[in-house]
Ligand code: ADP
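There is one chain below, alone, in structure tokens, taken in the form predicted on its own.
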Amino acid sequence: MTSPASKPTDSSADQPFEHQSVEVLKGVGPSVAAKLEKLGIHRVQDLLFHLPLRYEDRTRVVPISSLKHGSQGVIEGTITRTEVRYGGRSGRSLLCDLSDGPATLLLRFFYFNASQQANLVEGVRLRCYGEARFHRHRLEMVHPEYRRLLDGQPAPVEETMTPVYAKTEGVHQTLLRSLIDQVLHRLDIEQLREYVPAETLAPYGFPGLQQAIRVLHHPPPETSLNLLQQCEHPAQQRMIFEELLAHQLSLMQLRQRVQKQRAVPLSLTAKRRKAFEQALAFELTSAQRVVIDEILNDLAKPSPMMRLLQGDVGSGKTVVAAHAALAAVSGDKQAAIMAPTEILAEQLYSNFCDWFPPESCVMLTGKDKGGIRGRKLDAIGSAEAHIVIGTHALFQQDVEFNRLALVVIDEQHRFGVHQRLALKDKGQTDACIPHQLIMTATPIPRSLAMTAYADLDYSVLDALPSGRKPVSTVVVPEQRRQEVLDRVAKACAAGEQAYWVCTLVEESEALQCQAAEATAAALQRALPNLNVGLIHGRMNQEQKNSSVERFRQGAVNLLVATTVIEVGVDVPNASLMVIENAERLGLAQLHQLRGRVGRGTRQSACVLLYSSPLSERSRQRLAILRETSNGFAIAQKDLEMRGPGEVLGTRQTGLMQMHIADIVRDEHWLTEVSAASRHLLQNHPENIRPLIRRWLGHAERYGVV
């Protein structure tokens, strides 16, 4: 995949060739340049780092008998039979038997004209390239590339492997190969600058940058195609190392810039901390105590804390954040806690009002209007409100803080970078910026944390509070729906409560809500002795709050919901969850939903109800959920199955879109890359900016974004 590249502001010839606009190349005018921009190609250098996705070996002719199903190759032979066959979905097809003597292969053309039919006749010799496959017990090639061979005339093969590049509309392989060849030819005169010092590369035996570039665009015939396909060729490893290094350096530079800024030190006395913890209705886990110590140590420093707190569902992140808020309040400062949904904001507000004087807490959401909103804004602006909890409404223009010293972002991946930075900027006073605590209930695998969050310190809550039990998960086909209904009835008759989650493939929220309403009505008919409630995204906030509150108080036995309950609903008595059409959801979302139960001391269960037939991928996902409740193990599997861009979410800038590196496959390099990053920062700072621009362009990186 390609990363955003930097658009040159000056394409004059006095720049080094590699930094000039692609318009200096033959065949590239404004129209072609605009199309190349879609691939992130603006400068000459960007073409060199637009590395092939894969390769085709056209350097030798292979016997037909050596081809296997799915293999590609160049073959030669004589047409021994030609037939036009009618029928089937395609209407008609041209079939040619091609023989090289020992073996025969069928060429199949669904689309052909009269000229082709006249040329592809018995006795004609062809050279073909394509993918072989077995069809009805015969080896065949469908629409191969071919050329007619004339008797007695040599037909040379390609001198190097043929690269296949990512392309876009109007930019075909031939154009890309031609442009890259132009640039490679100029490299005979102008050398590419090495920004990674020799002492860093020496231990690994990597080839030089220029050699690696040439090999990757034109692998010699003796190059192992298998190594290239696995991205294990030394030239590829050299480029992977440098690309990971550039990403790491971009984040470490950000970390350095943050550390140079000032923040108000916040301290919490042992006496006040002890009094706060003694007033809690539960015992803190050892993991919570360790993380609280880490956060309080950060807050006591005059530089801003930038800490990511990851904890599995139900691990107790909120009370950890409350300790940070307590440090701010103790210093007569303000703390802002931002949540992605009003349901979660309501839950946080309820918790903080239990732990702090309610009059010092304010919740601000989009539903606040008129006088109510005005009074809340006055309380925030005068610092009468020490703890401010809210949704995106917190960073609206008319919200002015007085002494904001701590920003807590809950479920950070649901916010865009500009929203988060807007809230941070509101606390910038007297050349100080707020401390930041960023929380996520989606555990982040080590490889992703080391690469995407290298500018942050991070803490992990890896233990459930005392008395909590792992949720038992079962996978049940739709055909056994009645058994699931019986299980719900039995649980509710025993005084427990249950969720029934509806999912739809359709992206329309209206259709999802209609499905939830229909499901709630059907369940009420099937289970007449239960009180069935409903919550979905089309309800207004008052209706949502009412549904959750009636469920929390026990007036509702079974709550039918869309995935709106993924975060923020905490009902300890709910011990059973049914997720309908579970095969339609990803691992992370299923795990988040499952986390709504098991929040009390009862043994809880989650039923994943699926519709047959299951795809292999869906089968794997459901099996993982059934086998483990460990969020970190699930997160690693999710990363392997979906990739870092999907796991981080579409709101994250960069999305770990890389030219050649893959943080799952290349995790083994991360420790060495971190060491190399520190070496460059200390000894070769002048190389950092051009190295980052080479791989990332002008793409800004914000750490947790």
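Numbers for residues come from their place in the sequence shown, where the first is 1. Quick caveat, the model's predicted, so the values are computed rather than measured.
Below, we refer to the form predicted in complex with the named molecule, which is not included among the displayed structures.
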**Partner-proximal stretch of 75 to 83, 542 to 550, 282 to 290, 268 to 276 relative to the named molecule in the model of the complex, 4.5 angstroms, heavy atom** = 282 to 290
**Prompt:** residue 317 near the named molecule in the model of the complex, any heavy atom under 4.5 Å?
**Reply:** yes
**Prompt:** Looking at the partner-bound form in the model of the complex, is residue 599 within 4.5 Å of the named molecule by any heavy atom?
**Reply:** yes
**Contact flag, residue 468 vs the named molecule in the model of the complex, heavy atom cut 4.5 Å** = yes
**Request:** Report whether the minimum heavy atom distance between residue 312 and the named molecule in the model of the complex is within 4.5 Å.
**Result:** yes
**Fill in**
Students should find that, of 346, 368, 570, 140, the residue having a non-hydrogen atom no more than 4.5 angstroms from the named molecule in the model of the complex is 570
